[in-house]
Every structure is written in C-alpha cells, then in structure tokens.
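Presented as structure tokens, the chain that follows is alone, the form predicted alone.
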Amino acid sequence: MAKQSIKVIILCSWGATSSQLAKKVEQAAEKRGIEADIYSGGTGDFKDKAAEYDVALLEPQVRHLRKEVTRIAEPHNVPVELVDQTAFALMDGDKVLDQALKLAE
C-alpha cells in the first residue's frame, strides 16, 4: 500500500487557533504513519497559495467566509469544508485528520 500523503490548510481569521489545531492533526498523522503537511493561516494567506493544498478546512468561527474561500479554491480543485464543530471544540486532531482524508479522496 502506498504511503498516504496529504497537504491541508486550516483557516481561521488570524491563524492563532488554527495553528494549535494544525499541531494536533500533525501529531495524529505521525502516530498513524501518514505523511501530512498541515498548515494554518488566515483566509488572506489562502488566496496566494490555494493551489498548494489538497484540502482546505475552515474553523467554525469563519464559516461566513466559506463562499469566498470556495471561490478561491474551485479553480484549483481544492475541496473546502468546515471543521467538525465537536472536533474543533475538543481540538481532536484524529477526527479532523479523518475529515481531511475523506475530503481528499
């Protein structure tokens, strides 16, 4: 079986909570032997780098930006979804990783 590899960006307004969550997701991927580059950033960063990612996850507090982010992501075939709210509240890296992998399929 080929080693799984995924590039994910977790977006929030300024990148503060998303960097915490990104760390948790990276740890979850490491434990499972999945090669994962998990980035965090504000939605502004995404505009310039959308093509670099396999998946974009929006934190619940920036759900109002989903349309805009989706518009930026579409030409690059990057799926956009809101981070599962429970997983976000619990900073559950495993659950968020599962969500990203499913989106990337």
Partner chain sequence: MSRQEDVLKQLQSFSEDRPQGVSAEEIAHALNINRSTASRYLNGLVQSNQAEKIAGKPVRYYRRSSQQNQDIGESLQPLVQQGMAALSYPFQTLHVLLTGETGTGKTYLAEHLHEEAVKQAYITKDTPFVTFNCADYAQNPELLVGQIFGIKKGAFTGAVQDEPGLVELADGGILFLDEIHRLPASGQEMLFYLMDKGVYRRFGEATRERQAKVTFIGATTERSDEVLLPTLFRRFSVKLTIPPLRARSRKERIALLHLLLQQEEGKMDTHLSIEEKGSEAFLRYSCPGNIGQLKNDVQIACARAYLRYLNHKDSQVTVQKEDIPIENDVMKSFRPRENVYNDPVQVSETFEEQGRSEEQNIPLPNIYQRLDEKQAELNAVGDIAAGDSLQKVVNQYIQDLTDHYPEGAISYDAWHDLVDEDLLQALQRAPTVLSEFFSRELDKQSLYVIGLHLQNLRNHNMGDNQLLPSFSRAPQRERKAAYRLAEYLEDTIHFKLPNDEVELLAHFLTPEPEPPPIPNSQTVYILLVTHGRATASSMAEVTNTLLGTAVVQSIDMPLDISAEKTYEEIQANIKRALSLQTYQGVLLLVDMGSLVTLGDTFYHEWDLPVYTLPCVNMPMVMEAGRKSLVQGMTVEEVYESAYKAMTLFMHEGNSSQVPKRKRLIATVCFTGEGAAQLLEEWLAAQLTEADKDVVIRSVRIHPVSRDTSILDQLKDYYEIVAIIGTVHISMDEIPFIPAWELLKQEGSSRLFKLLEVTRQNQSLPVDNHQHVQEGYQAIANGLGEIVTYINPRVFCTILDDCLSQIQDYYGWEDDRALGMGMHIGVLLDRMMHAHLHDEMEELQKTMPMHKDFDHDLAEMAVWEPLVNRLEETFQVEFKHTFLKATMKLSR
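Numbering follows the first chain given and starts at 1. Note that this is a predicted model, so its numbers are computed, not measured.
Below, we turn to the form predicted together with the partner chain, even though it does not appear here.
Across the proposed site, S5, A28 and Q99 without exception lack any heavy atom within 4.5 Å of the partner chain in the model of the complex.
The partner chain is not shown here, and in the model of the complex it never comes within 4.5 Å of any heavy atom of R32.
In the model of the complex, the partner chain sits within 4.5 Å of a heavy atom belonging to Q61. Although the partner chain is not shown here, in the model of the complex the stretch 79-105 places heavy atoms of L82, Q85, T86, F88, A89, L90, M91, K95 within 4.5 Å of it, in sequence order.
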